[in-house]
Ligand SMILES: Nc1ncnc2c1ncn2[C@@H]1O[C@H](COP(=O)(O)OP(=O)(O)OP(=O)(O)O)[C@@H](O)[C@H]1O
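Single chain ahead, written as structure tokens, the form predicted alone.
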């Protein structure tokens, strides 16, 4: 029998708080065990009641610890400020009341029966490309290969249901690779063994899980993705998450869980503009402090890798050169061999990512 999730509710508006409390209690799979009207009351309620989840307006929540309860952010309207706050506190999902109340109840319920795992052991890296075509999939797959060459047990998760194409990049037929959606029914009791059974092993040594098909994309919630990343992080040395371009719930979940965020750029104005807008969204949330930049397909151009520091205030962690071997390898569903200029760039990137985030 599924356990009933124990929830602490923290909302400033009393009428909304009452509606949410009654709805969750009636759901039968979540029960509100405490309420709070401000951040201090919330801290005390969590300390005393040890809930499975916090359902709260993100402005009332302190940044979550790895061992703390799941945070489900709730607001009555979507705004950039609320999304930023949700990212800052490490929310597993962002829900609008009352339109997304069923999704909220499902996410809260999942926290009640989720297995308790040991401390996270993995370095979690989220790879994001604000503009299509910059090569975020290329960076994610080759970073996984570079981690594996450092004798790290690495898993690669494709969390982009719209543009995710890791299976194609790895040359795996769709019917031979499990997707994140396949694990969603198991989330309430997901274990490292369940995850291991679903992973496909690449000849380079890392293991991977594909993005869900368009038909099944809606089944993957931010909370489900957070649970899968959490299990992967407890049982591997490195987790690479390819997050969606759009700054929606799945991207929010991937960014919130990551130790490092790699923003992939190409040397053109449109890429820089798109990345600037993304960083503007990240900055107030605290995620911006974990962002590093990767220049992909660098070649002679009016815009140079040096312009990254001028525009974004940070030297790129790696500059991946343009190489005629890359399109040929991609057309065959193969990774570029680790020897050569491209391979050396990713070896350098892996080393920098594994350093102390403050020192990288």
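Positions refer to the first chain, counted from 1. These figures come from a predicted structure and were not determined experimentally.
FYI, the form predicted in complex with this ligand isn't displayed, but the following is about it.
Visitor: Is there a heavy atom of residue 320 no more than 4.5 Å from a heavy atom of this ligand in the model of the complex?
Guide: Yes.
Visitor: Residue 137 versus this ligand, in the model of the complex: is there a non-hydrogen atom within 4.5 Å?
Guide: Result yes; residue 137 sits at the interface with this ligand in the model of the complex.
Visitor: Using 4.5 Å between non-hydrogen atoms, is residue 297 touching this ligand in the model of the complex?
Guide: Result yes; residue 297 sits at the interface with this ligand in the model of the complex.
Visitor: Does at least one non-hydrogen atom of residue 46 fall within 4.5 angstroms of this ligand in the model of the complex?
Guide: Contact check for residue 46: no, nothing within 4.5 Å of this ligand in the model of the complex.
Visitor: Of 321 to 329, 46 to 54, 31 to 39, 303 to 311, which is the one stretch near this ligand in the model of the complex, taking non-hydrogen atoms within 4.5 angstroms as near?
Guide: Of the options, only 321 to 329 has residues within 4.5 Å of the partner.
Visitor: Using a 4.5 Å cut on heavy atoms, which of 132, 185, 173, 203 is close to this ligand in the model of the complex?
Guide: In short, 132.
Visitor: Pick from 268, 78, 237, 165: which has a non-hydrogen atom within 4.5 Å of this ligand in the model of the complex?
Guide: If I apply the 4.5 Å criterion carefully, the residue I get is 165.
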